[in-house]
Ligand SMILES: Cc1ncc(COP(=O)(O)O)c(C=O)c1O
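Below you'll find only one chain, the form predicted on its own, shown as C-alpha cells.
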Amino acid sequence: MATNDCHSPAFIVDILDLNDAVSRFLIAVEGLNSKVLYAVKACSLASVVEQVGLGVNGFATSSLFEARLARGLAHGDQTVHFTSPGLSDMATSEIATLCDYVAFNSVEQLRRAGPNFSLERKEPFAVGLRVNPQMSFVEDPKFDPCRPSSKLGVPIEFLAEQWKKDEAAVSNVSGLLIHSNSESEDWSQLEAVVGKCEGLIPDALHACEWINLGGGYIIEGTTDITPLRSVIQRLNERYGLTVFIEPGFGIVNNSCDIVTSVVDILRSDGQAVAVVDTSVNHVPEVFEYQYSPAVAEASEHGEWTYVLAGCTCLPGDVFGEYRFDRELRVGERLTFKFVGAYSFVKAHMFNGINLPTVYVRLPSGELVMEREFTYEDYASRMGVKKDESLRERV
C-alpha cells in the first residue's frame, strides 16, 4: 500500500527508522556498564513499544497504565522502571507488582509509600529517589524539569543535607534518578549535571548501586557522544554504579509522520490558506511549543506560499506558513515529518474530529493498518454506553 492509498489522516510508524534510532543509543553505550530504557510516555502505541522493546533493556513509566502496558509487552529479563510525582495510595499495590525499579519523587513519598511497596512485592525491588539537580538548560519553563519550584524530584541541596542528617530515612535507597533536560543534543550538559552531583552528594553516589540519568537528550548522526561515554565510565569506575539512560523523544520523534490531505483552499487577507484534514490537536506540541513541523513536500524557496491550517474551528489550529514549488490542489497529500514524540499520546478528538488511522511501514516499504478509529470511540469517551441510543438518554 502506497502513502496515497492509506486513509487520511494517517499516523505512520516507520520500523526501519525506529530500529536505527534504537541502534544509535545502544552503540553510544556499547562496552560500558549501562542499559537503555525506552520512556513509554513519548509514544505508547503498542506497535512502537513492541518494536523498540526488541532492542532496549527495559521501559521507563510514570503512571499505572503505562506500567501495565510496559509489563504486558516486556519480555525476557526486561525491567520496568517507575517514577511519578502523583503516586496515589490506590495505585501503589498494583505498581508494586508491575515494576522492578521505583524512583520516589520525594523523601516524603518514599516514607509514605515505600513500606507499602515492600509489603506488596514477593521479590525485592530497587528503591530509588528522583533528584532535582537544580540546573536549568531549557529556555521554556513549561518543559524544564528543573524550573523554579519544580515538582520533579528532591532538590539536590536538600538531599545533600538529608543524606548527612537522617541516614535512616534513605538507608534503603539503592539508586538515583536524575532528569534535567529536554530535546538537547549537547551531552556536555549532562556531564555538568553529574559533576554537580559529585560535588554535592558524593556519599549518595558511593552508597548507591545504580543511577538513571533520565532522558531529554537526542543522538543524531553528527552528535558528539564523548561526554556521555565519559560520564558513564566515570560513574562505573569511581562509584561502581550501573547506569541507565531512558530516551523517549530521541527514539521515536523522527520515526513517525502524519499524512494528511488538503480539503480546501481559500484566500484570507491576501494570503492563501490550505485547510488539511488533520489538526494541531493531533500534534499538540505544535500548539504548545508554537513551532511549525517540517512538511516533506514543501520547498524552502518555492514560488507558492500557503498557511497550512487544521480543520477544527479553533482559530489557532495552524501549522504554519510553507512554500511550495507548485500550486496545491484539493485532495492532494502532504506529510508532516518528525512528529513521533508526544503527538499521538496527547492527540484528542476536539470538535469530534477523528484521530488519524495508525499504520506501520515495514522494512519492505509495505504499509500495514494497525488501528482505525470510529465514531464509537468518540461516543464511548463522551459517555455513550455501547448499544445505547442517544434517544434513550433523553
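A residue's number is simply how far along the shown sequence it sits, counting from 1. Computed from a predicted structure; not experimentally measured.
Separately, the form predicted together with the named molecule exists; it is not shown, and the next lines address it.
Under a 4.5 angstroms non-hydrogen atom cutoff, the named molecule in the model of the complex has Lys41 among its neighbouring residues. Interface residue remark: Cys208 is not counted as part of the site for the named molecule in the model of the complex, having no heavy atom within 4.5 Å. By the criterion of a heavy atom within 4.5 Å, His81 is excluded from the residues contacting the named molecule in the model of the complex. Residue contact check for Gly153: none of its heavy atoms lie within 4.5 Å of the named molecule in the model of the complex.
The contact residue chosen from Gly175, Gly215, Pro133, Pro293 relative to the named molecule in the model of the complex is Gly215, the criterion being a non-hydrogen atom within 4.5 angstroms. Heavy atoms within 4.5 Å of the named molecule in the model of the complex belong, among the stretches 314-322, 220-228, 197-205, 243-251, to residues of 243-251. Contact residues in stretch 337-352 (any heavy atom within 4.5 Å of the named molecule, taken in the model of the complex) are limited to Tyr342.
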